[in-house]
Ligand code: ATP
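What follows is a single chain, given as structure tokens, in the form predicted on its own.
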């Protein structure tokens, strides 16, 4: 925790991150954004020739799609919903009185049809399902979105609102597992180009409750999730900066994603935690980008 807090303090003092008074909710400086933009261009360099269809969704998604996704079964502790005032003038007076005396003014708020996006790929599946059967070659999609997960922390690498860049592949089992392996190889190569030492290890998602432990064990046993780990605030517990996920036919079945011959599509995705990668670069190379090794600057800025 001390290492996390001291690194966070240094990021605040340098102006790279801007304190908002809420753990895990930070503003970013122009320099911080420039590093993320440069790394995204590096992603494009590695993945651009694959011909993915680019889509950009907002950080909120259709609540009905969110409910159908099953997210609340697995990760209720991380979800964020959007509520609004839907009352009368009298209710408004009551709300203002509550605020005046410091009482809870949110109890009259009602859920809207929008929830905060938990992962960049969640709005994609129902969107593609509406198109009908996938072509023979399957589908490949390039996504980027702010995502929300309710886990306040002093660790600057565990933010509540953060950006995720993703490639999602839909097709046969062989097609999507080849895609995942290709990006695991690329991930190591990319991080080497920017001077970061990494390890790749089998992983699991933070499933909720006792039943979640069984799901996590199954996920590990079947090698469905791997993470690319980089030490940021702890050498003993390095941070997952990329993830490589094989969903089998779970999303294909849930959303009705079918291949040209009518069989259920398998899906896989690779995710980049953009803030985490930027933080790894600042941690390893220093807070002044001008002092970074020439090879790293060349890889990012040419």
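Residue numbers count along the first chain shown, from 1. What you see is a predicted model; the values in this text were computed from it and never measured.
Separately, the form predicted together with the named molecule exists; it is not shown, and the next lines address it.
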Residue among 201, 151, 103, 173 with a heavy atom within 4.5 Å of the named molecule in the predicted bound form: 151
The unique member of 259, 52, 240, 38 whose heavy atoms fall within 4.5 Å of the named molecule in the predicted bound form: 240
57, 123 and 254 each touching the named molecule in the predicted bound form (heavy atom, 4.5 Å): no
Candidate stretches 104-112, 156-164, 86-94, 134-142 - the one whose heavy atoms come within 4.5 Å of the named molecule in the predicted bound form: 156-164
Interface membership of residue 180, the named molecule in the predicted bound form, 4.5 Å heavy atom rule: no
Partner contact for residue 276 in the predicted bound form: the named molecule, 4.5 angstroms, heavy atom: yes
